[in-house]
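Here's a solo chain for you in structure tokens, the form predicted alone.
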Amino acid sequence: MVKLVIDAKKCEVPVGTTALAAAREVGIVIPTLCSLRALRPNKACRLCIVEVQAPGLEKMVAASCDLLVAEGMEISANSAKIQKMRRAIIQLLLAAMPDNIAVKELAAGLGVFATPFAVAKRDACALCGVCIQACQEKIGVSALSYAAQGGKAADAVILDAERCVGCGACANVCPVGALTVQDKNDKRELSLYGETANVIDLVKCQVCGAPFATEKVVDLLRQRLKKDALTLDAVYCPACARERNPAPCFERAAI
């Protein structure tokens, strides 16, 4: 266990705990946009910054989502300096995405309702990269990537329709709604920045007949089960799968 102090509150957490998680343990709120427990920290939004000092180290500013706590560490999660820096960060984001509900709510939580900054072009994406992470790390297909336009630094996310399996994980994790998924007419439509990026056929549950997953997702599942000498003989929607024992769907493949 590691003992530390966060905003004058003493706490004790397991080794390997991040400063963000430790703060939550003692009820201290640190704002985040791109932090998800299911994904490794990428420090993209910087809203979770804190001041930290540890024995033998000078005080510094660090992203709490990726900062592992250490014995004797002292963290200031809401100092005047940190609050000023967070307001500047959210003001920049608000300038780029003034109509985004998630951004406006975060800004309001930090007491920011207007921004002194101006941008040449409004963004539909925060470029936090969590959609890319989810696709690569959790689904394993790498259908999303950053793109540079006009010879500039990466300023957009693009989707490779050939690689995309239509799982919808990207839309589930996107904090600003830049990616959306809609099922209609036995097809799944994925939209990026408000424009259709991919349309994939859905398969139907073999019990109730409701379309619920794409053919590519089912094929991907079959491939992964095959590596473990398992086969997928039937497909059920989540509701029917809960009513039935899913075990009979998976049988050991002949060796």
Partner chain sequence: MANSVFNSWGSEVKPLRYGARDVAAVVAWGEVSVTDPNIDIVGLCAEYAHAVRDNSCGHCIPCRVGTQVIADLLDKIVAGQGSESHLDQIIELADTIGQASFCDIGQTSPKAIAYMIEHFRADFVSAIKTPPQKGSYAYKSFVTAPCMQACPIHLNIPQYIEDIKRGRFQESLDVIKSKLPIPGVVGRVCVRPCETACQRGRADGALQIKHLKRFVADVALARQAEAKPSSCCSCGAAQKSATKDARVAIIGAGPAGVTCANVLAKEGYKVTIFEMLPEPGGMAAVGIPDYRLPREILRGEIGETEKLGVEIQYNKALGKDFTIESLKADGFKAIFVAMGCHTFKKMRVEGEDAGYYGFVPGVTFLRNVNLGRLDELPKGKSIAVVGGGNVAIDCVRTAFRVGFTDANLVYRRTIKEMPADPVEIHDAEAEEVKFHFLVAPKRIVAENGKVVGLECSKMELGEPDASGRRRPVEIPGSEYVIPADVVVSAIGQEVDTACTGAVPGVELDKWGIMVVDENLMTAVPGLFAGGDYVSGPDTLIGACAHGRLVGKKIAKYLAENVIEKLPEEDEFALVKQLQTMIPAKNGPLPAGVARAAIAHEPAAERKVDFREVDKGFTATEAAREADRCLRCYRIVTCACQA
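Positions refer to the first chain, counted from 1. Quick caveat, the model's predicted, so the values are computed rather than measured.
The same protein also exists as the form predicted together with its partner chain; that form is not shown, yet it is the one meant from here on.
- In summary, among the residues Ala161, Ala108, Ala102, Val119, the only one with a non-hydrogen atom within 4.5 Å of its partner chain in the model of the complex is Val119.
- In terms of contact with its partner chain in the model of the complex, the residue from Leu57, Ala210, Val29, Leu221 that brings a heavy atom within 4.5 Å is Leu57.
- Among residues of the shown chain, Arg37 is not one whose heavy atoms approach its partner chain to within 4.5 Å in the model of the complex.
- For the chain shown alone, Ser76 is not a contact residue for its partner chain in the model of the complex, no non-hydrogen atom being within 4.5 angstroms.
- Taking non-hydrogen atoms only, Leu190 never approaches its partner chain to within 4.5 angstroms in the model of the complex.
- Taking non-hydrogen atoms only, Leu93 approaches its partner chain to within 4.5 angstroms in the model of the complex.
- With respect to its partner chain in the model of the complex, the three residues Leu179, Lys216 and Val235 uniformly fall beyond 4.5 angstroms at the level of their nearest heavy atom.
- Applying a 4.5 Å heavy atom cutoff to its partner chain in the model of the complex picks out Leu33, Arg40, Pro41, Asn42, Lys43, Ala44, Cys45 from 25-45, in order along the sequence.
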